[in-house]
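The form predicted alone is given below as one chain in structure tokens.
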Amino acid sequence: MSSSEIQIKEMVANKWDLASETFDTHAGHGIQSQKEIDAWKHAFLKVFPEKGLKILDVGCGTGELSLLFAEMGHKVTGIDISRQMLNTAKSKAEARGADITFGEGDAENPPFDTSSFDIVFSRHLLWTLPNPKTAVENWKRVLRKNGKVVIIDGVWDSGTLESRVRRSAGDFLTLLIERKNPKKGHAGYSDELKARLPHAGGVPLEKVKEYLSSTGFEKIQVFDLKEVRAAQKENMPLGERIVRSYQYYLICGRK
């Protein structure tokens, strides 16, 4: 890894350390209701209905979906480069009595042997990686034969005028109605950091398909997350509902 890449990842880790304290309070980050829990489970059962799988949650953050996978009967390992995010994840797992292994690790190069997992899962991660193609290649490496990579991502900021207007309006309403900083609980990347990431505004679905197919994944499928988004919006302040009108998807491929 080059010194430039190390610097980028240190900057990213620092941003998420700062965001960790209030991260789970945001709809779309922390799970806010039983209805959302049920919607996530319904979505995942379509993708991997089997029980007792070994799942690697890369960029696990505060462990929200790691905990959900454990509740569904899977053996879960979560890695992240943010120590504060991991501290939160470990505390939540301990409080719930969940047997999950959390540890520091680079999502682009997970520190595990070849063919270690049945599922490699990522949520809202590819956009913040300096080398997303390398990440997908290494996720394939740690998967067992017939294992699946499962990716949830989206395009948060397309760079269009509409996208900028939505974000500005959402931030204004959050300040006006809720009297809170709309940036708190988000990483708030600087322009310098964004310029060093290939997908700082989010990863279009077609680009992820390209990463998967060029890496050799087969049976690539895209799943509708409409049920999840509907559940999230029920507990979402008006400002955030305005912002959350973007491409959002679950895509998977088999090794």
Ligand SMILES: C[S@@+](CC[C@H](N)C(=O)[O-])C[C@H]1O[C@@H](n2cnc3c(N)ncnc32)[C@H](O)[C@@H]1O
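Just count from 1 along the sequence shown to find any residue number. Predicted, not measured: the structure shown is a model, and the values here were computed from it.
Separately, the form predicted together with the named molecule exists; it is not shown, and the next lines address it.
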Residue-level contact is defined here as any heavy atom of the residue lying within 4.5 Å of the named molecule in the predicted bound form; does residue 125 satisfy this criterion?
yes
Residue-level contact is defined here as any heavy atom of the residue lying within 4.5 Å of the named molecule in the predicted bound form; does residue 106 satisfy this criterion?
yes
Answer with yes or no whether residue 150 is in contact with the named molecule in the predicted bound form, where contact means some heavy atom within 4.5 Å.
no
The named molecule contact in the predicted bound form: residue 81, any heavy atom under 4.5 Å
yes
Going by heavy atoms within 4.5 Å, which of 142-150, 68-76, 106-114, 93-101 lines up against the named molecule in the predicted bound form?
106-114
Select from the listed residues 120, 136, 129, 89 the one whose heavy atoms reach within 4.5 Å of the named molecule in the predicted bound form.
129
Please tell me whether the candidate spot formed by 202, 212 and 249 is one where all three residues come within 4.5 Å of the named molecule in the predicted bound form (heavy atoms).
no
Out of 7-45, which residues reach within 4.5 Å of the named molecule in the predicted bound form, heavy atoms considered?
9, 12, 16, 23
